[in-house]
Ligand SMILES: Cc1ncc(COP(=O)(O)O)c(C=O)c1O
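Shown here is one chain on its own, the form predicted on its own, set out as structure tokens.
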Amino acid sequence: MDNTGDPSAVRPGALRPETLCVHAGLEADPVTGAIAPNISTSVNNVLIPGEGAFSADGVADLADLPFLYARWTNPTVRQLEKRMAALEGTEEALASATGLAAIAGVFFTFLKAGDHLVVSDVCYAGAAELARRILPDYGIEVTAVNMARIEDVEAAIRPNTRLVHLESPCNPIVRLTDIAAVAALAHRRGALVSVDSTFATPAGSQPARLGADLVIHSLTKFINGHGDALGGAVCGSKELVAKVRSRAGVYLGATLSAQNAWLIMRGIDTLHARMRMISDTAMKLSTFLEGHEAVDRVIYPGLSSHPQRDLVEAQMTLPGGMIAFRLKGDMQDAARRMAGRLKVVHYAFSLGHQRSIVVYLDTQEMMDSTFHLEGRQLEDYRAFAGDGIFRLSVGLEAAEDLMADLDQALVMPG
């Protein structure tokens, strides 16, 4: 097996995903032979005659240069990029300081004044607000649509549409988009497709294999898996990622630190094992919740009751660790009770950690603050979320302990 770190040497066709998580992109230290990745914290690297250009002038891809300056490339960060490319089955990847930085990098690389973006009407709040509040200030037109309705996507695409951006499953209602169908449609109309696959992870879905041009991750979440490092990534062809690196990687300044890259690579080693365990636990937990007397509805890709079950089976290899559920009665009151009663599950924002996390998301508050949906789009959201939902990120605890903790927290006052 070739462990040189070249993603082409360990493509998914050569090694299975579980093995890729452990071996892809690893480079043994050439001096000590150490297998675990080093942390190179140096901002500067000396220029070595004969090993590359002495400046970046005229270079098509900064990643092809020797290491010069850490804002462009860093040895530890570069190793993470190679590993992410291998996991997603793409030629290249760019790491960034956060997942939102990766999304911003894609938007500000491929969109300019006069261009049009089609974005999922339900997605990560930072992405939704960046698209709908900030991009129009730069002369970029934005249309938000329910990506689960392919006819709405087709109707939204214009001659100046340059990018279609979606999430699958989407945050927070765990609704899927048919990535292959959207990609085929967008490509026929000359637009690129970017997919935020944070909820799915590479263990659950590989959007590039379904036709996506760019795959985006918040590495902060399941890929890191320990809740202790921020990071993001954009995976895609060498040509497209080089464009993102030369613009966003250089000029937006959202560079991932070497320390965080090292922590995220530690998480990648166990990604497949963790996601399999998390998915198994989430399946048990969602089944338990679906039968609980206090629960009105559960939305989880692994359940036969998920409204897009056929798409789940066609598009996902693991159902993942995100559950949405609604309760009977006053959910605001229930949220307060849960925050005070939960002993194992943490009542908090964020997701994808080793510890289970739940939070209540009120529909009207989500509309007022982020999504601003009306008419049919609001009806589509409410079909999943009702007046509000609890978003549960499943961790590594025993399923029985999570069920017991949620059960005692859900009991109505006598």
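We number the residues from 1 along the sequence you see. Quantities reported herein were computed from a predicted structural model and do not represent experimental measurements.
In what follows, reference is made to the form predicted in complex with this ligand, a form of this protein that is not presented.
- Put simply, of Ala70, Leu351, Leu361, Leu26 only one has a heavy atom within 4.5 Å of this ligand in the model of the complex, and it is Leu351.
- Residue-level contacts in the model of the complex: of Ser237, Ser246, Thr98, Thr317, one residue has a heavy atom within 4.5 Å of this ligand, and it is Thr98.
- The candidate spot formed by Glu167, Asn171 and Ser218 lies fully in contact with this ligand in the model of the complex, as each residue has a heavy atom within 4.5 Å of it.
- Residue contact with this ligand in the model of the complex: Trp262 places no heavy atom within 4.5 Å of it.
- Although the partner is absent here, Ile103 lies within 4.5 Å of this ligand in the model of the complex, judged by heavy atoms.
- With a 4.5 Å cutoff on heavy atoms, Gly231 counts as touching this ligand in the model of the complex.
- In the model of the complex, this ligand stays beyond 4.5 Å of every heavy atom belonging to Glu88.
- Residues placing heavy atoms within 4.5 Å of this ligand in the model of the complex fall in a single listed stretch, namely 195-203, out of 272-280, 195-203, 153-161, 293-301.
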